[in-house]
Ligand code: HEM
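The chain below stands alone and is given in structure tokens; this is the form predicted alone.
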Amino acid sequence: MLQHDEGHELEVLRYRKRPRIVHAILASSFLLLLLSGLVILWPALSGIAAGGFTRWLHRVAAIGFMSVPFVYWIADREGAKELMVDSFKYDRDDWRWLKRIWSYLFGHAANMPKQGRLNAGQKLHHAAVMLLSASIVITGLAMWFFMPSLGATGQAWAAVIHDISMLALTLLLIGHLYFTFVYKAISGMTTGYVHEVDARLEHAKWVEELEEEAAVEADSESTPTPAI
């Protein structure tokens, strides 16, 4: 959807309300998991963990984190399916984009190959988030409900995989925040809209598809209905 803002600059609807709510649940639950997990693991913060509150908070955050795919599926089934498929589907322009990823990393996206709704970097990011989240959930549930039956070796492996996956997801979050500010995308999650210039810079093929859809819709509305 294309619209003009108060300054008469064209904007593009990037994310509707429901996906933004799901994103907020994911972000808030992950941050709670990260902070409460650090308190549990870091000896310097062990005093805060006394009484078991942080462990309780960690488990509450885990429930919120695990609920995200189900909430997304209920709130926006088509969007969830599209995200799942697009995150693992690459075309020739995506591979060309990845070959020039270093230019994008330093804020130079002007001459990158045209991209769709997700650029190749975002596809890698989403795919990695899904896989790492699955690793965190599986190992977390194992340690939550099956710790005694894991044995010493199983407990050690579950903890190591859990912590490494969480570290990797934290690094992805840092990268996500970096690109959000470099490419002025924060409004996509606050208002749902991004400026057309910025959207075209990163997602030219997607913007062109929106323009084609708008043109078809305009033609259909202007075509007179034959009298019966």
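Start at 1 with the first residue shown and count on from there. Remember, predicted model here, so these are calculated numbers, not experimental data.
In what follows, reference is made to the form predicted together with the ligand, a form of this protein that is not presented.
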Only one of 155, 122, 103, 135 gets a heavy atom within 4.5 Å of the ligand in the predicted complex. Which one? 122
Heavy atom within 4.5 Å of the ligand in the predicted complex, from candidates 98, 83, 142, 75, belongs to 83
Under a 4.5 Å heavy atom criterion, is residue 26 part of the interface with the ligand in the predicted complex? yes
Is there a heavy atom of residue 185 no more than 4.5 Å from a heavy atom of the ligand in the predicted complex? yes
Just checking whether residue 189 would be counted as a contact of the ligand in the predicted complex - the rule being heavy atoms within 4.5 angstroms. yes
Indicate whether the ligand has at least one heavy atom within 4.5 Å of a heavy atom of residue 126 in the predicted complex. yes
